[in-house]
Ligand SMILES: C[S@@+](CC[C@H](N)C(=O)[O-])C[C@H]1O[C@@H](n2cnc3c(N)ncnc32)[C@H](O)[C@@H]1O
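To begin, one chain is listed below as structure tokens, in the form predicted on its own.
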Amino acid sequence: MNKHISVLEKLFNKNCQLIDGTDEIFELDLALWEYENLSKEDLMARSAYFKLIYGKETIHYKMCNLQNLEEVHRESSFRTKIFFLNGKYSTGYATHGLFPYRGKFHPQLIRAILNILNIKRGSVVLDPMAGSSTVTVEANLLGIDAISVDVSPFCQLIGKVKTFSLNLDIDILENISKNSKQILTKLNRAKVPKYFNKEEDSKKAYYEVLLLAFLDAVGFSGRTSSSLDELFPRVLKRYITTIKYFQYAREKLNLKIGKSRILQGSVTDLPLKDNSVDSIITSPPYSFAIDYLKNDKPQLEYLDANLNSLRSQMIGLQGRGIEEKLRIYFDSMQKSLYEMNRVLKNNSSLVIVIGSNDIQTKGIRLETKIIEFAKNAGFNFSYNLIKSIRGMQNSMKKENVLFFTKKD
């Protein structure tokens, strides 16, 4: 019998070791793409899927291990703790875990895409349907500037907190968070919290961290029998511990955080100039699988958002019956792709992550339509990476990562 050589030995230099658990086909594909596109130095500094490069630990691997998720989730349920520990290198690091937004991007995937596209510092990355701003957080971690745009004021708040928390002064945050009971009383007074004095207003971004922790506890309370009085101190402690450990990792590894802009707006009418961004990475809302307004209703009502107005703007939530919903969805996506083409520089990359639920769409494949619309809007289609989905298997088994380039 001939000597067997493992797949990993065939794909990678024996001196390059993948992070444990990197075993799905799409992960190996992305790791190979990184390996082929990055220099040895960049593999050390930027890679998403590598643990060791010539015996030295990568920055991503070090950062994830410095964050002490065991301590962060000490008071979490067993299920939550296992989820984040299992996602230590893929979803649970930096500030991604601050709010458990449904249907969010897979952070490690975004890191790999930024590497594959060869996005460097000095570039500007846009996510025009940003949700919880995973793209912006991941770009900022690599020192890249990024812009998030979303119609939801709640998503805007999540994005502001997650990106601001990458580079804040932990001493200030800990100081204003000392009396959780008093904070809870203030936040419970009105739907939209008012800052009570000039000192607090000057630290608005820090108080928004507390606000997001409060809204996290509000959602958690609605799903359990626990009261806000019980939940808020625990959630706030988790937020502060998460941020504190990331700040420690940032300083230890000397990470240079990119700048972010978190905007409220629509992908069909972007508040940006022509040819102003270097790349776009985005994912249309999975509204055929998730009703985002219903999911975020307690938080949006607290922020005094107009739910009817939001429903009329959110892609995939308009119309009655699947035929009308699909017609409006496709019309919105066509407009969106022309807008993305307008703001993107020539010869720059667009990546769209999209999944289809054949039952809910009556067999229509959304990715096929998106490719058609993108070509009509002035993009060249180059590649479709198929990615399995963890956690949504009942409604969607895989996603398509579609790579395009804007025509010159």
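Start at 1 and count along the sequence shown; that's the residue number. What you see is a predicted model, and the numbers here were worked out from it, not measured in a lab.
The same protein also exists as the form predicted together with the ligand; that form is not shown, yet it is the one meant from here on.
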So which of Met129, Leu210, Leu157, Ala217 gets a non-hydrogen atom within 4.5 Å of the ligand in the predicted complex? Met129
Listed residue that, although the ligand is not shown, lies within 4.5 Å of it in the predicted complex (heavy atoms), from Gln313, Ser180, Asn275, Asn188: Gln313
Look up in the predicted complex whether Phe105 has a non-hydrogen atom within 4.5 angstroms of the ligand, and give yes or no. yes
Interface membership of Gln299, the ligand in the predicted complex, 4.5 Å heavy atom rule: no
Just checking whether Gly143 would be counted as a contact of the ligand in the predicted complex - the rule being heavy atoms within 4.5 angstroms. no
Taking any heavy atom pair closer than or equal to 4.5 Å as contact, tell me whether Gly97 reaches the ligand in the predicted complex. no
Can you say which of 167 to 175, 301 to 309, 120 to 128, 227 to 235 gets within 4.5 Å of the ligand in the predicted complex, counting heavy atoms only? 120 to 128
Any chance Phe84, Gly92 and Glu138 all have a heavy atom within 4.5 Å of the ligand in the predicted complex? no
In the predicted complex: members of 241 to 277 within 4.5 Å of the ligand, any heavy atom: Gly265, Ser266, Val267
